[in-house]
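Here's a solo chain for you in structure tokens, the form predicted on its own.
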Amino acid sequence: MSRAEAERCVLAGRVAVNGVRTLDPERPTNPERDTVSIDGRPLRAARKVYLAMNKPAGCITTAKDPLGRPTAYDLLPPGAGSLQAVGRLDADTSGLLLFTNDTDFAARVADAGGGVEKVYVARIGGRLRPEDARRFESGVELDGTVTRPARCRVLESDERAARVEVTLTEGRNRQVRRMWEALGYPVLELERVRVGPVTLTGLAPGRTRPLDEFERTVILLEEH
């Protein structure tokens, strides 16, 4: 169930904790000690699901869109269950997007304190000056605070545009685009190619695959 659906079930008196009906959706409950039931049936923990998706450009990262635009959730495999995207990629950004029902795992990946690397390949307009690449790495002020140190590697460059690989350890809203725009470079294309140890290798646009145990473990063990 979604959080809203679960709350409605509690308010309707369908949920009991240790055999006692509760009408308080905010009641503290420990699933390791307490027995929670709905309509008299004990609940079991949902099977943990971890998926990597190669999101195509043009898809938005919301479950439903009132404008009827395609969403990344439409591309999830049948029977995947109730999953949440870990962070977001805007509609014009393609590449790696993780989905899970494990809230601890999602919080670890999205932790603003850093630790889990996110790698992007961007094509930016204009001739990239070396001093601006260094400014990107040292930090750019966004919303009154300076971004964490980053890495920038120039893959191709000419007078009209540059193709760069950038590595961040935080995930502010539209961060890569906003950092380059703050330095005077419009982002023409953007793709996320890696999150921690998880890459796009072998994953076609619009397809998903499960994360393996190594990938999950490395993400959880990466330093803050």
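Sequential numbering from 1, following the sequence displayed. Model, not experiment: these values are computed from the prediction.
This next part talks about the form predicted in complex with ligand URA, which is not shown.
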Answer for D90 alone: is it within 4.5 Å of ligand URA in the predicted bound form, judged on heavy atom distances? yes
Determine whether any heavy atom of Q175 comes within 4.5 Å of a heavy atom of ligand URA in the predicted bound form, and answer yes or no. yes
In the predicted bound form, L190 touching ligand URA (heavy atom, 4.5 Å): yes
I'd like to know if F99 sits close to ligand URA in the predicted bound form, meaning any non-hydrogen atom pair within 4.5 angstroms. no
Heavy atoms within 4.5 Å of ligand URA in the predicted bound form: which of the stretches 127-135, 148-156, 90-98, 74-82 has them? 90-98
Across 119-135, which residues bring a heavy atom to within 4.5 Å of ligand URA in the predicted bound form? Y120
